[in-house]
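Below, in structure tokens: the form predicted alone, a single chain.
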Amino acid sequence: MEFSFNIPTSIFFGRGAIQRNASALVLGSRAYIVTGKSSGRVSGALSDVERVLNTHSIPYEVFEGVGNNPEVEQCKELGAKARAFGADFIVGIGGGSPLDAAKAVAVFAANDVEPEVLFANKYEHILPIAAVATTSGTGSEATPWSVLTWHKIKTKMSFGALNSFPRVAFLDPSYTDSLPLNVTRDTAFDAFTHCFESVISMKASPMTDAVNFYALSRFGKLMEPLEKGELDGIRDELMLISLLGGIGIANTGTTLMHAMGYPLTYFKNVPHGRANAFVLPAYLAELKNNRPQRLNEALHALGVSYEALVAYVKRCYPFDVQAQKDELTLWAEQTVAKNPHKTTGTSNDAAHIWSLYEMLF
């Protein structure tokens, strides 16, 4: 048996996490804060961060404006602004999009390079990052991965290496208390898919299995209240599952479901978690033919049957987007370019991926 496992991020979880561990947030002498258009302020996370920086007399600048699908071009501009300000650490506040953007800003602030260098992981340095999560979805606070929109190639691309893990992460479920039901559901499904895909991944190990099977068993108990919209009392649990899913994919990466979902987000503006939900029936069918044992193990941990999971997704995540055959051809080609065969162990032929998309539409 051989495997590797690494997560160099210091994690502080619980309500009041920043207040109780304020000194851990200070990673340098000048900070550049990256957050969404409103999430940082609405959640209260931005004011908590500013209070700590002010208490420690740390000068800082704030950018509030990262969208749902951060663009690498914007991140490059923000990196230049952070560099001009003299920032020596980055604070990312938000869901997956601001946290992913913060990782790219940390690279561009330390390196005046083009996106090609970023995505090839050929940059020399990166500023330390403090990640403050305000949703329970991507687990980006516990991964090195950053997924960004790159208009040059009309899709999403990712980068990540050991040095792009956040130095420290704060997970305070109170920041998610004000999230509406649709956002809570979409981000929760993203967290679920990270755990589920990490189990399926060809890179899974006993360490990641321990994390992911535990997370799936807990998520199974939340499926009914999520469907009913009964969110009181489950916010902390959702954030824990998101964190565990992040730890899992930090070591395994994602698989075919994510690769197939990206075009729906880029071309149809479907929220990432909802795009994964739409893809799930085709993904499960593929696993039933190619990875039946791992599929059954994941479903057993979740506590639901194959049929029940498909039915649940169709009830909770209705989908009314249409696609033409030529669109599916492009999406299949983009999916194949991400080579999900390496992690899913299934076909990497464009015609086969096209047939999976056609099954959905």
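Just so it is clear, the model here is predicted, and its values are computed rather than measured. When you see a residue number, it is the position in the sequence shown, counting from 1.
Separately, the form predicted in complex with a small molecule exists; it is not shown, and the next lines address it.
Asks: With heavy atoms only and a cut-off of 4.5 Å, decide whether S43 touches the small molecule in the model of the complex.
Replies: Close contact exists here: in the model of the complex, S43 approaches the small molecule to within 4.5 Å, heavy atoms only.
Asks: Looking at the partner-bound form in the model of the complex, is V183 within 4.5 Å of the small molecule by any heavy atom?
Replies: Because a heavy atom of V183 falls inside 4.5 Å of the small molecule in the model of the complex, the answer is yes.
Asks: Given that the small molecule is not shown alongside this chain, does T208 nevertheless sit within 4.5 Å of it in the model of the complex, heavy atom to heavy atom?
Replies: T208 lies outside the contact set for the small molecule.
Asks: Hey, in the model of the complex, is T255 touching the small molecule, heavy atoms inside 4.5 Å?
Replies: No - in the model of the complex, heavy atoms of T255 and the small molecule never come within 4.5 Å of each other.
Asks: Between the options L78, I200, V279, V147, which residue brings a heavy atom to within 4.5 Å of the small molecule in the model of the complex?
Replies: Contact with the small molecule in the model of the complex is made by V147 alone.
Asks: Quick one: from F165, Y283, F108, Y262, grab the residue that has a heavy atom within 4.5 Å of the small molecule in the model of the complex.
Replies: It is Y262.
Asks: Could you tell me which stretch in 133-141, 287-295, 82-90, 214-222 has residues with non-hydrogen atoms within 4.5 Å of the small molecule in the model of the complex?
Replies: The contacting stretch here is 133-141.
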